[in-house]
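Shown next as structure tokens: one chain only, the form predicted on its own.
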């Protein structure tokens, strides 16, 4: 039985054996705390009934324990130089498949179809900080592919995702995630749990996907409003939407926005950061032109 990697000594031994160094361009930081790895798997509620998609298995630290907990594990890894090390560390893991490709270029619907009969997957990942938001949005927008997404992210990203209207951290990502899933922070992970140590705390974020969105709105138009609102967040909403909306050929006048806000009982000088998801959904309905 291959030794588990989730310890400093075992990780260093394998890295030295294969001459592997963490690559900054892929945002690689290797977990070395078994309790954290087990905590992630527990937070994801993985059972033998589940097929798990792991993004960026690295040297296989979490993959080893996912293999024991899940029925099947499909890993997507962009760094092909890790192939010999994963062959070694996952030698005993017969229920693991590895796809050597970029997760942002992966046909996620096809993965669900090929490896889980089209049923929703559960995602577990230690995401590279530099590409966290694009990966999260790619996952969440693939409705029906995933029942949950449990990821290690930079703590400040988790703070932004969990933030509510009026707070400093609140932004477009807060609203985007709230449209697709319920976010919860399962634990905070200090830099000492990684090799090499990152410069900031991390957080394990659990996203349970909605079967149906919590608001009724034209998704494309609503998110165009949200982006315009936060691209110029110090401007009033009326000014931001008048000058910053980018959605096909639709343009808005300041009078149209002010009229809609007043009909909602909101001040014409309100900023986008004060509106919640339901308010943006209602505003988008009022402003959408056929």
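Bear in mind that the values here come from a model prediction, so they are computed numbers and not experimental data. Residue numbers count along the first chain shown, from 1.
Note that the form predicted in complex with ligand SAM isn't included here; everything after this is about it.
**Student:** Just one of 153, 175, 139, 76 has a heavy atom within 4.5 angstroms of ligand SAM in the model of the complex, so which one?
**Tutor:** Looking at 153, 175, 139, 76 one by one, just 76 meets the 4.5 Å heavy-atom criterion.
**Student:** Of the options 127, 181, 205, 161, which one has a non-hydrogen atom that comes within 4.5 Å of ligand SAM in the model of the complex?
**Tutor:** Only one option qualifies, and that one is 127.
**Student:** Select, from the options 167-175, 96-104, 141-149, 181-189, the stretch whose residues sit within 4.5 angstroms of ligand SAM in the model of the complex by heavy atom distance.
**Tutor:** Answer to the contact question: 96-104.
**Student:** Would residue 82 count as a contact of ligand SAM in the model of the complex, using a 4.5 angstroms cut-off between non-hydrogen atoms?
**Tutor:** So residue 82 counts as contacting ligand SAM.
**Student:** Using heavy atoms and a 4.5 Å limit, would one call residue 28 a contact residue for ligand SAM in the model of the complex?
**Tutor:** Residue 28: yes, in contact with ligand SAM in the model of the complex.
**Student:** Going by a heavy atom distance of 4.5 Å, is residue 61 a contact of ligand SAM in the model of the complex?
**Tutor:** Because a heavy atom of residue 61 falls inside 4.5 Å of ligand SAM in the model of the complex, the answer is yes.
**Student:** Would you please decide whether residue 56 lies within 4.5 angstroms of ligand SAM in the model of the complex, comparing each non-hydrogen atom pair?
**Tutor:** Output for residue 56 is yes: heavy atoms within 4.5 Å of ligand SAM.
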